[in-house]
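Starting off, we have a lone chain in the form predicted alone, written out as structure tokens.
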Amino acid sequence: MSSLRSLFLQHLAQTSPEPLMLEIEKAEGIYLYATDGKKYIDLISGISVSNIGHTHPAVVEAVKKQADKFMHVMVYGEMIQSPQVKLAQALSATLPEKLNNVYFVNSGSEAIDGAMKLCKRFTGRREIISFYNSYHGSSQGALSLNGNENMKRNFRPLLPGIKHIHFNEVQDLEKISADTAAVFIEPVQGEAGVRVPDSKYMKALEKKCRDKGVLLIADEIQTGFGRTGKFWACEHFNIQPDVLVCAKGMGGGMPLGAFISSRGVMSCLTNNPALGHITTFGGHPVNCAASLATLTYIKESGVMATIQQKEKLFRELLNHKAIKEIRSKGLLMALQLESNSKVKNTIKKALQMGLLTDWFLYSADSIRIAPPLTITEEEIKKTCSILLKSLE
């Protein structure tokens, strides 16, 4: 009889030449438990997904309760389903008043694609601007926005009408014009290795978009749901996007994404044509119930108030000559080392010692730190001890 390992290699499409091949049978809190009895600290939260830890009791309970009532019924925009309505209301309550209309989808890439359609339909314009070294997803639409040619060249032709400008460079804002439908920006660039813009730059971007009638679209797929110490990273810069995109951490481990705007903007998808954007499983009731439990926990537990101190503790403890720079916003952090080979070796050594971490798509000389927000100070000390040993 074939082992699960060999069946995995035979039947599951691989995304890299050397998959980690950890056989996980359980996950709880910050830990992953393998079938061989070894446990691993998950320092990347499934890439910023398990923000409140794996199998959080509140999320598990919400999933079970909703599964007992009903699961898929029909495209959610046609039937009133309480998990979707309650979640949409709760999301709106975390945002500026104008962001009060939610379109649920299944993932971040889907949410980006929906937002791209929305901005073109609403403005009647065709040009979209994003940033060099931005990452918005892997579907053809989202990939077209991405600002790294290595990820794109073998999949061309991609969508036309996409322009790229330099992140955090004010002079490049002059390329935003009356022909531009929207500017898509990550408030903190993730896959570029945690690049944090200046507040003045973000305000200048917002003003430029207002002046030109351009929709400002914030990609909070990786930064939302408390990751940076605010519920949304845009709050750090005091900007109000016209559309906000979210996914990853919003589902509590379940697949869910959304793009959020005003009712006035979003209503354009209802006509010319009707059903201007549709999705079969977006807003799945079980996933929405999980998301509402996640949102409620983050807002009511006080966990966001601990993020700044935890970020500070990581920075204090990770003092090593091999670390050239630490870039961070809350618990989204990058440790820059001297080379990609040093990063790979450190990741390998850390895994041997029970710590799972990762690199960044566009910053191969940096190590990713994005643990569950619920990580304790004692767990941070243990984590940093392993990282420091791995760097030796």
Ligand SMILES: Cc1ncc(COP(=O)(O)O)c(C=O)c1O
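The shown structure was predicted, so the numbers you read here are calculated from the model rather than taken from an experiment. The first residue of the sequence shown is number 1, and the count goes up from there.
The following text describes the form predicted together with the named molecule, which does not appear among the structures shown.
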* Structure fact -> In contact with the named molecule in the predicted bound form (heavy atoms, 4.5 Å), from 286 to 294, 94 to 102, 170 to 178, 218 to 226, is stretch 218 to 226
* in the predicted bound form, which of the listed residues (Trp232, Phe237, Phe184, Tyr135) lies with a heavy atom within 4.5 Å of the named molecule? -> Tyr135
* Identify which of Asn148, Thr306, Ser301, Ser109 has a heavy atom within 4.5 Å of the named molecule in the predicted bound form; exactly one of them does. => Ser109
* Non-hydrogen atom contact Lys248 with the named molecule in the predicted bound form at 4.5 angstroms -> yes
